[in-house]
Each structure stands twice: as C-alpha cells, then as structure tokens.
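Quick setup: the structure tokens below cover two forms of a single protein chain, split into structure 1 and structure 2.
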Structure 1
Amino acid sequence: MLIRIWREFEAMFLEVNNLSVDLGQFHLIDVNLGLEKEDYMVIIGPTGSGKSVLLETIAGFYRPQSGRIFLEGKDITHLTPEKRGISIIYQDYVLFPHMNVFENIAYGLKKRIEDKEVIESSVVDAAKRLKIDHLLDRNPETLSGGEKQRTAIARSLIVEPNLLLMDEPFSALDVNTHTYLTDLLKKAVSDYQTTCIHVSHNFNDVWSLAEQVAVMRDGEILQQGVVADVFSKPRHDFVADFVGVRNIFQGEVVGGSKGITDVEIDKNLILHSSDTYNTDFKEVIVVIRPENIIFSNQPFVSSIRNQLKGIVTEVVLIGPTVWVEVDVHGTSFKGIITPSSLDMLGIKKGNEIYLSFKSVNVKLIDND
C-alpha cells in the first residue's frame, strides 16, 4: 500500500525505467526517461545510436528484455501497440493513398465517434490549425512533402494521443518548409496539449521545440534534462562535443540603436547583439558559442563591441581542445582554444583575463 501511494505521488506522465532491448547485434541498455504531461522532448544522437529503436519500443513494436514503461501511471510494458494510445509519425509521410486528405485525417476518429458532424468539424478544425483546410479533397499523391506531413500531423493530433512520437518528421523537407512546419507543429501540439517525443538530427528543433532533450549514444541515454541545462552543463565529454557547449544566459532587452540590441544578462552586465529585437519582447535567451570568444592578456584594441574582464576559474583539456571558464562578476563564460594558444597566453586558473566577442556572435532566442 505504502509503495503504491509513493508511486502515485512520484509518478511522472511517462516513465521509462531501466529499459533494455536485445536486437542481436544492437542493444538498448538500461534506458531511463521521464516526461511530464505536455512536455516536448527531442532525442538527438549519432546515426545508429538507437533513437528509432527506443521510439518503437515505447510504441510497443519491440519487446524489452527488462525494464518497465509507465504512461499516466499505468504499466504499458506488455500492452500491444494499439492499446497504448500512442501515435507515431515517420519521416516518409505514411498516408493512405486511396483516401483523400479529409478521409486520412478522419481515419482514427471514425473508429471512435459516429456523429458525422462532430467528425467533420474536428477534421476541419485540425486542418485549419495545420493550414491544409484548402486541401481536404485532394489525394495524397498530389501533395507536396510538407503538405503530406501536415496531413500526417493533423491525423495524429486529432485522436488526442496520450503520447505523440515523431521520428525525424521534417528531415526530408527543405529548410524553409522545415521552419514553417516547426512553427505550426509547436502551436498545434500546444493547442491539443499533446506530450511529444521527437527524434531529430537538427539542433534548431531542440531550440525551437523542446523543453527537454536527451542525448543517445550506442543504445544508451547519456544525459536527459532541460535543454539549457544539458547544453550548458554537459555531464559527459561526448555530450559536450556533440552539442557543442554554448554560453547560455537568461537576458532582458534593455535598449539598443543602429542595428545593435543591448541585453542585460546580470546586474550591470550588458552584452551587445546584432540580432534586431522588438524591445516589447524583453525576455530572451542569449547564446554565444565558445569558439567565438577571443582571449587576451590586455584589453583588445578593436571595434569589437563586447569586451569584458574576468578571472580564469577552470582550464580543462577535452580531446584536442582546451575549455577555459572565466568568471566575470559572478557570471561564467566558457571559451575554447588550442593548447598552443593556452601556452602563448599563459592562461592559468586564478589569472586575470580579457574576453571579447563580436555582436554578430551574440544570438538572441525567444524565451517563451
């Protein structure tokens, strides 16, 4: 009894506990994941790391050797795929070729609801959200890739799945269509209050869509957590390397002129960015890639807008590069240099150092 109460108290919306899957030459090893309702998680990792196998195990296509999957507190480890209430979207827009767009979107709903008017209004509503309401009587083969994928997304969302899994849904699309669909998808999953796991090779998907990110390698999850945490505090060399650690700060737009935006990231610490920003939108995330930070022993004589002075707090050799961490009045900046530059500049823990970086390298992201 006590254990049950504890479980209900603790349970997350989706819990994958110590999941192992044996596919002969490939194994998922002791995978743990947790998501709250309406979370959006992006899984990244090199090709062959087991991202698709993990999604398909959660969907019920592979039988785990050990471990458990709980969805809404219910053990679904051994349920058949149809009984899990999970939808999955693949890269290659799987639509029914003999049905038009309306019938494709309505397919899952028709199995549950008989009222034709309710079905029709739900389909039209979903189609409007995905901006395909003008295509409802078209056949799939006449659609563009982006239109097909929007139809697949509408079809999945309309049945209000407990969990929506997406395996590289945009990777066959051009960059502009990708960006457009990312925006539509973000709005639509929030409207339908859908919990999502999305596998992607594109870091922009992590930034634009996810609250949570998981990094996989060789069948293991190396790190899972809130995006800014995983990207700024990787707990593993591979993760640091893979995500390319960035300097990430919460900031507030405090002014600007002539194409420069001034952002305060800490009391009296103002950075200058060339990203133009609507000043009504004050909360931003500020990102600076470590390789764009220039170190020097003297103030850098140049027109570079951002020049700071700090104290070296950490010097770590990772592979062929050196990570240098500098404290600037309580804010930590990470830079990356070669071992020979480290020697030349005589950088040591506790030394004073100057940092500079161009305003074009200070990137601003919506903090919503």
Structure 2
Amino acid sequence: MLIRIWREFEAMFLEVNNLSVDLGQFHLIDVNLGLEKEDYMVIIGPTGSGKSVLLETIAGFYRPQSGRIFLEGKDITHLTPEKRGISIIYQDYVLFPHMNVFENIAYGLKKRIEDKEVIESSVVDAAKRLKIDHLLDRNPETLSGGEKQRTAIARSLIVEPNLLLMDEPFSALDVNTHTYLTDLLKKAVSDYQTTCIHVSHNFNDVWSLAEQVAVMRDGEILQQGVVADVFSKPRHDFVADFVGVRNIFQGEVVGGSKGITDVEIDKNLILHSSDTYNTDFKEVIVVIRPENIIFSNQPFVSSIRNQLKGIVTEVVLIGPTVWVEVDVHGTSFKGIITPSSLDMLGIKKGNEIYLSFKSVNVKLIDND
C-alpha cells in the first residue's frame, strides 16, 4: 500500500504547470504538460498554435508571465538555457560552417570534458549510430540535408541532455530521407535513453516515434495522452477533426440500456455507442473514425449494432486509399477502403451501399 501511494504522488520527469506566455502574435495560455522519463512526445497542431513557443519556453528562451516548469523535480522556470541540460534541434540544422562534422558533433562535449580520447570515442560512437561516421572530415556545406540533420542530432545526443526538443526536424527533407532518419532517430534516442518532445505537422512522426501525443490550438493544449487514445477517443471536436475523424455530428442522448447509449444525430437517425450517459436529452458530439466503417453490398450479418443503408455520393482516390462518402437520409458518412476492396464491392457513385460500425467505435464528446 505504501509503495502504491508513493507512486501516485511521485513527480513526473517533466511537468509544465499553468504556463502562460505572451509574445504578441504568439502566445501560450495555461499550458499543462507531463512527461515520464524516456517518453517520446510529438506535439501537433495548426500553424500558429504556439508549438514552437512552447518548446523555446521550456528551453529557456522566453520568460513566462505565469506558471512553472519542473524537470526531474527541479524548478527550472527561471534558469538560463545553458543551466537546464536541454538540447534543441531545428529544421535548418544550425551547424557551424567553419567546423567539420567531427568538430560540430564534439562542440558541446568539449565544454564538459577535456579528455581527447573520450571525446573522440564518443563522437565516433554517436556518428556510427547516425550512420555518418564516414563523413567526420567533411564540412557542412558538402553534406546533403539528411546528413546535416543527422550531424545536428548526433551533436545534441552526445551530451546526453536531460531533455531533447525538436522543432520540425524533418520538414525540409524528402519522403525517403524522412523515413530513413525516423528509423535512425528512434534507435539512437532509445540507445541514449533520451526523453524527447518533437513538434511536427506529419502524422507519420506520431505513429512512428511517439508514445505520447499532444494537440495544440491557439496557445492551448486541448488533449494529451497515449497516441492510440487521442486518435481514437478525442475529447474535443477540434481534436477529432484535426486527427482525421471526418465523421463528426451533433447529437442528443435519447436513451440506452446495458452499457449502450442511443444518440440521435438527425431526425430518426439513431446511433448506438458504448460510451455511457445516464442523462437523456444530453447534447453531445459524435465522432466515428473513417477506417472503422465497414462497407458491404448486403446487410452485414453480425452483432454490430450500427448498420445503415445509403447512397454513394463521392469516391475519391487519395494515394493508396479510397475515400467513400455515403448519404444516409441526408447525413453524410465518410469511410476509407483499399482500391482492391473498392473493385471487389463494385462501389460507384450513385450505388446503394450498406455501412456498419461497432458501438465501441462511436465516441461521444460533451458538447460544452
């Protein structure tokens, strides 16, 4: 019992409490954020939501109007950047042009230790982890974008920071280089046991790297949590829309029983959700992820509670997937399938189609 109680009150590795910053055009409003040691968090949100300001405030570049930042239980709110033990990586690399790759990687380490053999061994080790050990004698201007960013990552990791911050580190890279660096970064961060916060507009970074994700808008964090939970159980209508739910409806609780809530989203169109509400006439927002909708040419024979019939209004090929929009008595549902499934089902605009989805995939958000 004592152990359990102690863990409940044990401080998180990083705690941002009620942090507010006003920079005129950009601002933060009562931001709260928590991260355990060795966690990897990706922060997403539209341009101008304050993601970079949050990183740079944690790093010590901006002084908050209110709130506190704790790292390993220590209040670092008013410490200068160099005393925080935090490294930050930007998309434009910020390498020293007059130094070669070895000297760039070693730069921070030389300020901490003097043993040349230890420095050389550490640089070579970091370079090998990032697959740039063959580039140590090269100057930055001769490197590709991916090689420059790997050099910047090695320089940051070699000093074993308490916290590594990354602001759109891959945004200037092509898709193949981005994927390659993601794999290298994931392993290197794990090897160095580094705690990370990574700002990105690319959802692939969330799925490939993160244990935690936070969604920001207008200087506020609307939701933070395990990646799968935030994407499948959004607690805010903006979060639902931003993470690609697509099916977002205004609804009203009209009844339910045995762990199922009945919600009316349009006149006489009732959906069934496993999210329970005990109060009838409660206004809610209903969200259904498009990949959770099953299409069929006949009624789906199963225990699935939500089975609807409609008319296909749009079929759009987007990369390796197909978006299908179906009108059900004036309400539009959007689902996603593969091109082979599209051909197999013979789905075309104007066709009648059945769609089914489980009650557990119908998520309800308080309409506050």
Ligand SMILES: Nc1ncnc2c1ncn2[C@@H]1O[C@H](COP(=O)(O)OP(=O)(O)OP(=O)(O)O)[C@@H](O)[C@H]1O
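Structure 1 provides the reference sequence; residues are numbered from 1 along it. We call the rigid core the largest set of C-alpha positions that still match within 1.5 Å between the two forms. These numbers were taken from a predicted model, which means no experiment stands behind them.
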property: Structure, 1 versus 2, that is the form predicted on its own; result: 2
property: Core-aligned CA displacement of D343 at least 2 Å between structure 1 and structure 2; result: yes
property: L355 C-alpha relocation of at least 2 Å between structure 1 and structure 2, rigid core basis; result: yes
property: Core-superposed C-alpha of P97 shifting 2 Å or more between structure 1 and structure 2; result: no
property: G24 CA shift between structure 1 and structure 2 in angstrom, with the core used for superposition; result: 2.3
property: E291: CA movement between structure 1 and structure 2 [superposed on rigid core, Å]; result: 5.6
